[in-house]
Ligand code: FAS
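For reference, the chain that follows is the form predicted alone, supplied as structure tokens.
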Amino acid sequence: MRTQVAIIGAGPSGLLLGQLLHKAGIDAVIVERQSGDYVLGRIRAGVLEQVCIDLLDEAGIGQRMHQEGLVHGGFDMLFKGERHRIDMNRLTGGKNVMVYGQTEVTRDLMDARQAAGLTTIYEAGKVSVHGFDTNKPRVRYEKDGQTHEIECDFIAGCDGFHGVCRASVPDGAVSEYEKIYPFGWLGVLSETPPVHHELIYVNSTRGFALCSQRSATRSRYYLQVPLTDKVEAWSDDAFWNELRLRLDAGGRDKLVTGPSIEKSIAPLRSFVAEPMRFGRMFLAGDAAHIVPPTGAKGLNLAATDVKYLSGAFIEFYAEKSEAGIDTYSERCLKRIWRAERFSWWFTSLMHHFPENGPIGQKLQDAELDYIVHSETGARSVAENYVGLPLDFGT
């Protein structure tokens, strides 16, 4: 098989890249080791920045997002038993975010790709990448007991943190930066109305909590738990009881509980790989970087990578220019490190770190008090949360 761009990974970043290239008349094949149902079954984040919203519109798949997505102009920060609203819309000159599940983004992209008759190879085994340091890169995989090879001009590694693309880079060619946090998020999805119309970020001496939603009837809640905890040890009743203990009185009164339809524990890490280009292979999304979910940056950073990468490929084929390809890694990493900084700072601010002792909690309280009583402090949080402009600092 021959294609212009071979995309490894059929998550939202790979599908979005494929859709943008299709709109530009560039042929791309997507190779995914899991089934389509498995990909859709992954429950992930759902807060979209304007840059991501605009890109989904550009890809032509934003109609359902605008119909069903929930526009949020702010969020609450709860600490010392009191809630304080960060008015993002006012503080950023009219910017908002949209709550629309990553699963729904993936579904919309899958439907568009299928409707266009584009090639996606699911359940591809033993995927490997070859020759990306030459002008003739190749992708090999096994399917139905046979080995197949795709010849291409470029390889896009959108295959996640544990994917084959970054793992195939020669030793010494990539630098990795990582911080592992000593806790995880226990998440519950339930068919219950949200406790609040906007998100509530909770700093509690019992640990962090987040009250989020996917729709007016579906809620998503998280609790900070030790990495040693097992999801099987948390019954639904235990989860709801612990969440009540971390909420304020108003939240407890409005909390509607019910059976969980999904429950999992996700570890938290900060991770960046540099560079993001290796000859004719490019990393995008989780293959190159991971952020703690506190700042809601994961999907949005992946979308920005895809924006830069699709633009670079379009420029290459339309103008025979490699300028976008040559600057891809540098442009992405500048934005990535800013998002990593905010996610690390917000995680450090909102979570409970017993090892920091009583002074750690006092310092968090003082920082939170400054943010909610300072226009400058609140604006800094709001600007970073809605997403810095693409041309910020250029």
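As the structure is a computational prediction, the values presented were derived from the model and not from experiment. Residue indices: 1-based, along the sequence shown.
Omitted here: the form predicted together with this ligand. The next part is about that form.
Put simply, Cys52 is far from this ligand in the model of the complex: not one heavy atom of it is within 4.5 Å.
Contact annotation for Lys334: none of its heavy atoms lies within 4.5 Å of this ligand in the model of the complex. Contact check for Phe132: every heavy atom lies farther than 4.5 Å from this ligand in the model of the complex. Among residues of the shown chain, Cys158 is one whose heavy atoms approach this ligand to within 4.5 Å in the model of the complex. Only one segment in the set 79-87, 253-261, 294-302, 313-321 has any non-hydrogen atom within 4.5 angstroms of this ligand in the model of the complex, and it is 294-302. The partner is absent here; in the model of the complex, the one residue of Ser190, Ser204, Ser215, Gln102 having a heavy atom within 4.5 Å of this ligand is Gln102. In terms of contact with this ligand in the model of the complex, the residue from Val29, Ala339, Ile26, Ala45 that brings a heavy atom within 4.5 Å is Ala45. Interface residues of 20-39, taken as those with a heavy atom within 4.5 Å of this ligand in the model of the complex (partner not displayed): Val31, Glu32, Arg33, Gln34, Val39, in sequence order.
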